[in-house]
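Next comes just one chain, in structure tokens: the form predicted alone.
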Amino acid sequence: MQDTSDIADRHDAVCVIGAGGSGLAAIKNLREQGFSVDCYERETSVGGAWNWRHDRSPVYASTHLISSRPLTEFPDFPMPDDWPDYPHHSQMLGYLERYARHFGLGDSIWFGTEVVAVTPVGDGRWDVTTRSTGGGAERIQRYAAVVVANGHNWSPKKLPVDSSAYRGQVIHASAYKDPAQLRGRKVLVVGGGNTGCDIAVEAAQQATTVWHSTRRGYWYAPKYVLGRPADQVNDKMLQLRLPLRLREWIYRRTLRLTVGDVTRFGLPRPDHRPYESHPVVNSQLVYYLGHGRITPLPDVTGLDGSTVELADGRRVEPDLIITATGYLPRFEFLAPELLDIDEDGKPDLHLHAFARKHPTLAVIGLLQPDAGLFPLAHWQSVAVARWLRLRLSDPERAAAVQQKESARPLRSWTRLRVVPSSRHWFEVSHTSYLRVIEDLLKRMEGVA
């Protein structure tokens, strides 16, 4: 029998892990449902990925939103009207700090405290082991539920090529912070996502030579279409429920008129349809390609000495390689089977949020939407909070809801037809996803 003498029982309280945007939304919405909340944050302040002071933050000096302000703000805490369409990362951090102050969330957050282990102990309850990031003894507390919001853009995905014999400098995009790192260098940027394109553009303004290596062709969308942020135009089409094929035709036509044929700059033609990969939103990449400041290259196949070998047989000799190869989700404090994590590291969660075998374990913010994350994280946490409350107030209805939800088709809430890569594990259409969350909330209220 387990010795529980050193375990502090928090009874019906909920543990939240992480005080970034998703964690803050979870604290607020859980408290609104009457739960006591203990949030553990390994850093000394809120903000998560948007707090450049945090050692796990991926932001660099010029980072801005790539989703526009109205589609990124929390629905119950709008950003200021006089802010730009695409706010700077410092504004985003200030926004999250004001959000925490406005809703009085600081009282529920234990800063400088990391979660070491989360262990199920039966009857839906969890033992959470924590310790100070400065060292010291571990502490175990028992909770009625655990909500994980530790982010998924902090554990770098490695370049799938051995770099041990390379004599130049190789860093992941997460270690890039300032244009001074590029000045006067010969830079190779590897990766065709938004971060890779943004860093390539920045390098074009600072470095002596810039190469940009991508595995495949992409659809490069401008930040503005018809004078409006591109994601707002896409949002309008989704609200009108235009058929996918019609939206694809409009997308292709729009890019033909605004960006043109990118193969004339040496970029490969996309090997997939529009909307089958996460949108790459960048108005400057083509500009610098057209001015000869960026040279497009195919995939990297080898690194040796001072030379980088490419898929087409060419070789280049950069002195700095920046790998914008993305990130993988990590849940070091959870046994993989609790989230049904496969051998590649991908968790299998209902709505990318609810653990399938553990109804009191959930993850907030594990999404890759075609708009901003915060609105989705808000409604995810509303759904989780109401679900946990329903389990306590009406177990019979909770069981009925769980049975109905288990039969909900996967295609209704996640994108199935996507480029097969870890970048698209959690890809969703924000409007479709929010409709499903709305339906879930109605089921819990007994309306549907």
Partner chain sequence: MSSQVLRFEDWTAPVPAVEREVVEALPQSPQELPPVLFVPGIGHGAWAFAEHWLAHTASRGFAAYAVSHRAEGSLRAYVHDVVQVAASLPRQAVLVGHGAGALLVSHALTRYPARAAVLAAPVPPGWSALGAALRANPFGTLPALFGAAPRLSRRQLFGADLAEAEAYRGRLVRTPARIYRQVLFAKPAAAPVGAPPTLVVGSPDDRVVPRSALDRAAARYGGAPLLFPGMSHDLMLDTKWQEPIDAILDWLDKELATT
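Please read all numbers here as calculations on a predicted model, not as lab measurements. Positions refer to the first chain, counted from 1.
If you look for the form predicted together with the partner chain, you will not find it shown, but the lines that follow are about it.
Distance criterion of 4.5 Å from any heavy atom to the partner chain in the model of the complex singles out 228 from the list 293, 273, 330, 228. Note on contacts: among 98, 346, 350, 252, the single residue with a heavy atom within 4.5 Å of the partner chain in the model of the complex is 98. Listed stretches are 142-150, 229-237, 243-251, 300-308; the contact stretch with the partner chain in the model of the complex is 229-237, by a heavy atom cutoff of 4.5 Å. Interface residue remark: residue 32 is counted as part of the site for the partner chain in the model of the complex, having a heavy atom within 4.5 Å. The shortest heavy atom separation between residue 80 and the partner chain in the model of the complex is within 4.5 Å.
Interface membership of residue 134, defined by any non-hydrogen atom within 4.5 Å of the partner chain in the model of the complex, is ruled out. When contacts are judged by a 4.5 Å heavy atom cut-off, residue 435 counts as touching the partner chain in the model of the complex. Heavy atoms of no residue among 126, 359 and 387 are located within 4.5 Å of the partner chain in the model of the complex. Within 4.5 angstroms of the partner chain in the model of the complex, the stretch 400-431 places a non-hydrogen atom from each of 430, 431, taken in sequence order.
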